[in-house]
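Quick setup: one chain, the form predicted on its own, written in structure tokens, and binding and motion questions come after.
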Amino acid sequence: MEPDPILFDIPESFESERLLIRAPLPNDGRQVNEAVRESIDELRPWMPWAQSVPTAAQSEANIRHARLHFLQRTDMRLLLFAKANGQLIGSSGLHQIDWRVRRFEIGYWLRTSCTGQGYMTEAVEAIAQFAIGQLAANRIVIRCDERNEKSSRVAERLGFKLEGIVRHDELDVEGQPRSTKIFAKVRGVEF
């Protein structure tokens, strides 16, 4: 019988070359709110939660809930900060966690002013390595709307294999059926 994941000692931060990647903390809501406000037009087509601009209080409450989920090990949101200036540049994390199988899904979004600079590829690579090295991942998944070319390119650049496209498996933000690309890396094959 596997131990309760809440007992796992999991580092709350780690770094890549240009990024500090860490669990959310109280009072991060302001920076998250600023990044979402800046990026809402680019996020809206892909992110169900980005259909309206949240208030600062809503962003702070969301961060505090994310903190609780991280501590409970049920969902591990990670915030991305540029080491050069401390600016929050986006968010990622390990979601849809199955501790028994050691399966994790990486989700991500990037602040509009920081796109096109390789930050997300760098972040996802570091998060995948964190999942492999610290969490003993057996399977790491990236799912995205089949029309989201930017998200697909991140997965492809990092060697995630396209396992398939699940047709009309979810509704898009306009309530229409959408198809989902599923990329994955598995222990013993890609790492």
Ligand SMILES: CC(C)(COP(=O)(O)OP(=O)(O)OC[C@H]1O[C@@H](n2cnc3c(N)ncnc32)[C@H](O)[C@@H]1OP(=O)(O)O)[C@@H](O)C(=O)NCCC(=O)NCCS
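All residue numbers refer to positions in the sequence shown, first residue = 1. Predicted model, so just to flag it, every value in this text is computed and none were measured.
Another form exists, predicted in complex with the ligand; not displayed. Remarks below refer to it.
*Asks:* Spot the stretch among 144-152, 22-30, 54-62, 131-139 with residues whose non-hydrogen atoms come within 4.5 Å of the ligand in the model of the complex.
*Replies:* Residues of 144-152 come within 4.5 Å of the partner.
*Asks:* Can you check whether residue 126 is within 4.5 Å of the ligand in the model of the complex, heavy atom basis?
*Replies:* It does not: once the ligand is placed as it appears in the model of the complex, residue 126 has no heavy atom within 4.5 Å of it.
*Asks:* Can you tell me if residue 47 lies within 4.5 angstroms of the ligand in the model of the complex, counting non-hydrogen atoms only?
*Replies:* Within the cut-off, so yes.
*Asks:* Is there a non-hydrogen atom of residue 119 within 4.5 angstroms of a non-hydrogen atom of the ligand in the model of the complex?
*Replies:* Yes, residue 119 lies within 4.5 Å of the ligand in the model of the complex.
*Asks:* Taking heavy atoms only, is residue 66 within 4.5 angstroms of the ligand in the model of the complex?
*Replies:* Judged by the heavy-atom cut-off of 4.5 Å, residue 66 is well away from the ligand in the model of the complex.
*Asks:* Using a 4.5 Å cut-off on heavy atoms, what residues in 8-25 are near the ligand in the model of the complex?
*Replies:* Only a single residue, 18, comes within 4.5 Å of the partner.
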